[in-house]
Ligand code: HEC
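Single chain ahead, by itself, as structure tokens, in the form predicted alone.
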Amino acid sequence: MKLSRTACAALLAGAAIVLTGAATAPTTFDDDETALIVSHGPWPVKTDADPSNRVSGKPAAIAYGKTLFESNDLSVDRQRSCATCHQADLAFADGIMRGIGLTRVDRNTPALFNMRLNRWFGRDGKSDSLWAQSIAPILDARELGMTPTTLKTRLATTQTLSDGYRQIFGAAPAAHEAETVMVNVAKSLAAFQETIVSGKSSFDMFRDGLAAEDPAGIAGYPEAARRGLKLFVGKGRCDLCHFGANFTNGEFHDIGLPHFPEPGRVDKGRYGGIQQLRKSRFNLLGPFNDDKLRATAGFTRHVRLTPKNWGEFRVPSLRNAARTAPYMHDGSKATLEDVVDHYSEIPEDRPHQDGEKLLRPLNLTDAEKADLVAFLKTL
């Protein structure tokens, strides 16, 4: 529902009286701002099973996927698991600058909330499904360090994993080709990860209150967060990239960060991601897609590689932002305050600025920065 400017102001003023016991001058939103706020919901978003993954949404596969996710048997040295880097009490991330598997990797470990809403996966979008992305750390020599053959042998000789596999896929791992076993493991992992959904936040309560014209729903939202929200949809125009219920467009941008994980070695970002996507046997155009109609493969079919893609990385969701430090693809920003500073002061003459049309320095005051952080913490 789109509220009138008068109705929005009246509701917010009434909520301020509820909070303080006396009339104050709360932050109000005009019609356009209110419509933008309401567009960030409702939450949670209802999703369907992934048609490319025949075990998506199946309870037995979800349970088996959780077992696999937590099992050290998926790593070559049996010393680590998916859960080593994706820790539940750290928003399914790891809280460090760059992930450490068998060795240190180049990028910050992403949180795993709300993955079913993604179109692309990985910081560079090298995967077009969650199950394909789940293969990547299994094979990466820096992470779990397995091969399809080693993984098949490990499952076949580990009773609990072999029994679970047979229950879901109708045969023992030894009966299937190694590559098929790996894909089935990845699809089970994806089925579990799809169930990791963030809860309703204080922002959602406020948003729902605005949509329903409900003063009680509006009343509990902090004034600093309201000011930050007004900046988010107004002066900052953060919602140009962080829009919708999941606070992301799911696409890729160059935000002026260095492209070098270490001297002399470049991280291609989206450019490299598209290259890997195109050559992968596990993309949605390949033989392992369970949807014979390839209904979700359109974006993969039409993606184009351009020089602009150098140094672009996927726009993350802002949900649970306060729980997922450090930030950026390289973990280079330790706090939300550092992130806001970056966008406030981003230089106009940065490299590749000509290819990125949306970003301009926001030139925020210290008070505005604090308000924007206060808003982000309500997500």
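If you're wondering where the values come from, they're calculated on a predicted model, not measured in any experiment. Throughout, we count residues from 1 along the sequence that is shown.
Although it is not shown, the form predicted in complex with this ligand is what the next lines describe.
Colleague: Please run the contact check for residue 318 against this ligand in the predicted bound form: heavy atoms, 4.5 angstroms, yes or no?
Modeller: Yes, contact at 4.5 Å.
Colleague: So, residue 309 and this ligand: in the predicted bound form, are they within 4.5 Å at any heavy atom pair?
Modeller: Looking in the predicted bound form, residue contacts with this ligand do not include residue 309, since no heavy atom lies within 4.5 Å.
Colleague: Counting only non-hydrogen atoms and a 4.5 angstroms cut-off, does residue 124 reach this ligand in the predicted bound form?
Modeller: So residue 124 counts as contacting this ligand.
Colleague: Hey, in the predicted bound form, is residue 313 touching this ligand, heavy atoms inside 4.5 Å?
Modeller: Yes.
Colleague: Within 4.5 angstroms, counting heavy atoms, which one of the listed stretches 151-159, 284-292, 78-86, 173-181 is next to this ligand in the predicted bound form?
Modeller: In short, 78-86.
Colleague: Tell me, out of 227, 253, 259, 116, which residue has a non-hydrogen atom within 4.5 angstroms of this ligand in the predicted bound form.
Modeller: Of 227, 253, 259, 116, the residue with a heavy atom within 4.5 Å of this ligand in the predicted bound form is 253.
Colleague: Tell me whether 51, 169 and 274, taken together, all sit within 4.5 Å of this ligand in the predicted bound form, counting heavy atoms only.
Modeller: Checked in the predicted bound form: no contact with this ligand for any of the three.
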